[in-house]
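Only one chain is given next, in structure tokens, and it is the form predicted on its own.
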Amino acid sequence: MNLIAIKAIYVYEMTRFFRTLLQSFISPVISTSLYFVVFGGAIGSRIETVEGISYGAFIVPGLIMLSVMTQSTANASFGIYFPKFIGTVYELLSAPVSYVEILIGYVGAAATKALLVGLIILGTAFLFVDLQIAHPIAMMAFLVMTCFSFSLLGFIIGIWARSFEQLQLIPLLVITPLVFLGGSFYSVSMLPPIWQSITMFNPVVYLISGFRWAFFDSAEVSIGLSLFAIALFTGVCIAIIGWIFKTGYRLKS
């Protein structure tokens, strides 16, 4: 394992991240504050509690998941797409660096960035609501797994994309709607029975439910099912990336 190569990729990506502090840190805090003002203040005044939890606290896991999933995907996709765009990816592919080391460097950096953003949003949430975390270790585990799995997805998108427009296509048209419809700001049990059944086909429901359980010891689906869902998603992403590196799909052409 070429640790020097992994460190070089990782440090380069993290340095680029810290050069844009306004976009990287301030923007998520402002967005989260606006969500709390709009959802926690306006809607929360009409919906006092959801499943015995104050509405302001109830939406915290959903807000964190929304930011973490989008940030993981965006960071990883841009990280690998930009070397393709300017042509330096060929230098990387011709260097004595294995595909596994390339993957660890880019995905590790993207996951770290998303994790930092998630923790910042969590800290911001404490300024607005009285929040208790029932299972802090499980909460961190779910957060890390989500950052890692969606960074893998972002890596796939970055290789697949042929333009900056395509780079934004899946995050905007697929991931964000799935998060909003996955129980981020409401309980699935509040929906009519037919829509509850349809919602269960949304994979994001299982991630948010497991993450919310770590906060409030209450989940809409079993924890085992949530863990299985994220493990399956991660495995599928790894398999796709393995096929990409094996065939050179949109990397060697």
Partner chain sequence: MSGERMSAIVSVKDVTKTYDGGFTALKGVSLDIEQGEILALLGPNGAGKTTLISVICGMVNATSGTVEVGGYDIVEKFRGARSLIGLVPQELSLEPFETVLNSVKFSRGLFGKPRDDDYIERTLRQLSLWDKKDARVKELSGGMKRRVLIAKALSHEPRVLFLDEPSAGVDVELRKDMWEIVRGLREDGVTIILTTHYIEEAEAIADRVGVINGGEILLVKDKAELMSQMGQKQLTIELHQPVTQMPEALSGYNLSIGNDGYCLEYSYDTRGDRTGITSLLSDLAAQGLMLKDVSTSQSSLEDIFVGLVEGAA
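Residue numbers count along the first chain shown, from 1. Since we're looking at a predicted model, the values are computed, not measured.
Not pictured, yet referred to below: the form predicted together with its partner chain.
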| item | value |
| --- | --- |
| Contact test in the predicted complex: Ile120 vs its partner chain, heavy atoms, 4.5 Å | no |
| Contact flag, Ser94 vs its partner chain in the predicted complex, heavy atom cut 4.5 Å | yes |
| Heavy atom of Thr15 within 4.5 Å of its partner chain in the predicted complex | yes |
| Non-hydrogen atom contact Ser98 with its partner chain in the predicted complex at 4.5 angstroms | yes |
| Interface stretch in the predicted complex with its partner chain - options 169 to 177, 112 to 120, 78 to 86, 136 to 144, non-hydrogen atom within 4.5 Å | 78 to 86 |
| Contacts with its partner chain in the predicted complex, stretch 1 to 32 (heavy atom within 4.5 Å) | Asn2, Ile4, Ala5, Ala8, Ile9, Tyr12, Thr15, Arg16, Arg19 |
